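Form predicted on its own, single chain, as structure tokens, below.
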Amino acid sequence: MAQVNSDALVFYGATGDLAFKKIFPALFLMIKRGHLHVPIIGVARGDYDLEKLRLRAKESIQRYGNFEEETFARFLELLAFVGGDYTDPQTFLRVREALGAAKHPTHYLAIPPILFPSIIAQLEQSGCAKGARVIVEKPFGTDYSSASDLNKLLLSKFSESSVYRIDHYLGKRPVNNLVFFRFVNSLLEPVWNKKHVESMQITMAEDFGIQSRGAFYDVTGTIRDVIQNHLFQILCNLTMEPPQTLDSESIRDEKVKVLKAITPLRAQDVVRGQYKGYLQEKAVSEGSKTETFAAIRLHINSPRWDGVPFFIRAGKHLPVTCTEILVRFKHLPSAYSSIASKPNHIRFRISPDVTVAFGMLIMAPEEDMASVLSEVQGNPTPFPKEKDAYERVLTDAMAGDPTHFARQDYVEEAWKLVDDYLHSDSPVFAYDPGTWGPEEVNELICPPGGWNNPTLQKK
């Protein structure tokens, strides 16, 4: 049923924070663009009813979306509510009744993973799983074992083609543009290999802390939260081979091949940090060794990338909020090598703005035999009706397009890369908020030529 359009959407956790901040605004835009015209059934525990859900949806869209009355009226026509406990079979019988004649519903589990087993069992017992898809939110497991167990649970009730594992980063247009930019522009492919590329680095910086999310973050940390999923996805987009065809399975096959070619993390390839003041955050355990910063070095053992080091860095309370990629190229041997002051580079900025910049050497002012690095920048402008990440992934899931979702083998291979390290006892170095992490980073995990520290223009 890979290309069958869903005829209903049931989302669990309708009163939760994710629904309020992301799901309601995404559904509203899907309706506005004409991409959603089937029943939307919110399910939640507690004393909610349909009227309360309508008010919460309106507040959500007014705060996080572009509210307008005509579209919201259509939203209300589609919206229904089922209240009840997720362990109660009667709740799911009411869901089945609310689905009416729907034969291919999508069930979106926007809830904590601890509730998945109960809901998945109830979906089957109530008949709600028949002909259905299921969307599950990250985190998809906390290590390889838990991810594998979750996959077994899902695949015992649903086929792989009916399971959609959300990583909203895959719905971001700038992330997917990396693949497009590589393979559509012929000037890159001849130099996109170990012969010409010296190193690649990916930085995901945030200038804020854990923002009252201590209970979640203290059992998660930076590697689990953003590196193992979001930043590995970026790495795959940068390094995958061109797929034979543009169907979703061919594209996802190439991403899995990248992960299988990476050497699992070793202690000498990781530096973890924790910002000073983290231990005083609410719900953080006394003496916690959870990292709020991590820098890792990877190697891809493939004919294209063998010998090229890849560096990934992410953290909280850094100087800016920005996600950026820097690809440095090797110097070509020639008579001019002695005056090539710095290597060429390509810089991709994914957020907060989108930038593609080529770092080129030019003749230094007033000196004929000296060079300086100068960037040529482009700022791709989003289309006027650009989709939000959640709007994109939900639209794709409802249409049966799995391209922007993680497949079972991808999820498990990604966990394999970090699993041994996460279960080891490794040091965590302190760093001052507003700096680029602990000093040990530049001593132990430093790209050739140093880290690229993104800067933002002040508004």
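Residue numbers here begin at 1 and follow the sequence given. Just so it is clear, the structure is predicted and the values come from calculations on it, not from any experiment.
The next section is about a form of this same protein that is not shown, the form predicted together with a small molecule.
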- prompt: Using 4.5 Å between non-hydrogen atoms, is Val82 touching the small molecule in the predicted bound form?
  reply: no
Touches the small molecule in the predicted bound form: Ala110 (any heavy atom, 4.5 Å): no
query: Within a 4.5 Å heavy atom cut-off, is Leu235 in contact with the small molecule in the predicted bound form?
result: no
message: Since only the chain is shown here, I'm wondering whether Glu324 would be in contact with the small molecule in the predicted bound form (any heavy atom pair within 4.5 Å).
response: no
message: Heavy atoms within 4.5 Å of the small molecule in the predicted bound form: which stretch in 300 to 308, 96 to 104, 177 to 185, 224 to 232 meets that?
response: 224 to 232
query: Which residue among Lys330, Lys138, Arg173, Lys257 has a heavy atom within 4.5 angstroms of the small molecule in the predicted bound form?
result: Lys138
message: Between Arg349, Arg252, His345, Lys316, only one gets a heavy atom within 4.5 angstroms of the small molecule in the predicted bound form; which residue is that?
response: Lys316
Check all three, Tyr169, Glu206 and Arg213, heavy atom within 4.5 Å of the small molecule in the predicted bound form: yes
